[in-house]
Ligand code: 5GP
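The chain below stands alone and is given in structure tokens; this is the form predicted on its own.
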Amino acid sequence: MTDSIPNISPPPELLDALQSARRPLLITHISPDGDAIGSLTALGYLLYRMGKDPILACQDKAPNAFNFLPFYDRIVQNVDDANADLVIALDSSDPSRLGDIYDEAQFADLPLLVIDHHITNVYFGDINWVEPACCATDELIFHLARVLNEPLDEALATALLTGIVTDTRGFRTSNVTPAVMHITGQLLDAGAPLAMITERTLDTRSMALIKLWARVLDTVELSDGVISAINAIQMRKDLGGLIRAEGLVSFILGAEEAKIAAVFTEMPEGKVECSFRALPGYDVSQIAFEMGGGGHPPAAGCTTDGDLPGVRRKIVALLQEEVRSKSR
């Protein structure tokens, strides 16, 4: 099984930086998903086992669905007094994805490592390890552990498998290769609970989220192969809190007539979060990149300024052009 896994290795200078660090600061992207939290906790746990004192950070609170992961309770939203000697950006294609928690002036004197798998990565670190062929950033952390000769245990394997499961939508994306399945086999051998991870991260939703889905689904529109919906602030206030319609964009892509799906989430201060999904053969990553975001051809996102209806009209038109360009 091991021989079927490609030999993917980080740059030697990245290994040197990790080995010499005493208190590395790990930051993952805003609105964190399973690969963001999985890679954050996996690398934090790995570095802790190596004798480091890692700080795990994310601007937005990690969803409760991931509270089974190692070091979940150590993730912080404020790093003003971090006293770090190294910064590591995880699962983030550009510095804006790190949010306000990454203050370039505050950390200007520290080396910045970037570990990511997004094809739209802009290589913003002093040392960049970007592998677009990998299905998840957690796959890179798996290879890092191998290079460091750090054994898999149940906690590490669970964090790694969480990122792989969620970023592949339960092994349903086109980048699930035989190598990914061999890696998954090793993680299962180490004790990662696949059934529990799948149930907690893909199948379980709070009642509040189900009610929000109902409100957002009432806004669904389908035109020229693009299906979209809006998630307004008032909808969320009516339900008692500012929650995102997690998972809904993948759900509406299941419409038989849809080629591309988008959900537009109204945020404070005149901003709109945009989440895109696409069927194989369509590419939403470049549109996201042009709008200041990033991602992969089948899954991408961005945050942009503007009012909710205007952003929806503008971006749906761009997505429709992507559908038409593939139909010519």
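We number the residues from 1 along the sequence you see. Bear in mind the structure is a predicted one, so any value in this text is a computation, not a measurement.
Beyond the structure shown, there is the form predicted together with the ligand, which is absent from this document and is the topic of what follows.
Residue contact check for residue 69: none of its heavy atoms lie within 4.5 Å of the ligand in the predicted bound form. Proximity of residue 32 to the ligand in the predicted bound form: non-hydrogen atoms within 4.5 Å are absent; the residue sits far from the partner.
Contact annotation: residue 158 falls outside 4.5 Å of the ligand in the predicted bound form, judged by heavy atom distances. Using a 4.5 Å cutoff between non-hydrogen atoms, residue 300 counts as a contact of the ligand in the predicted bound form. Note on the interface: of 252-260, 225-233, 93-101, 73-81, the segment with non-hydrogen atoms within 4.5 angstroms of the ligand in the predicted bound form is 93-101.
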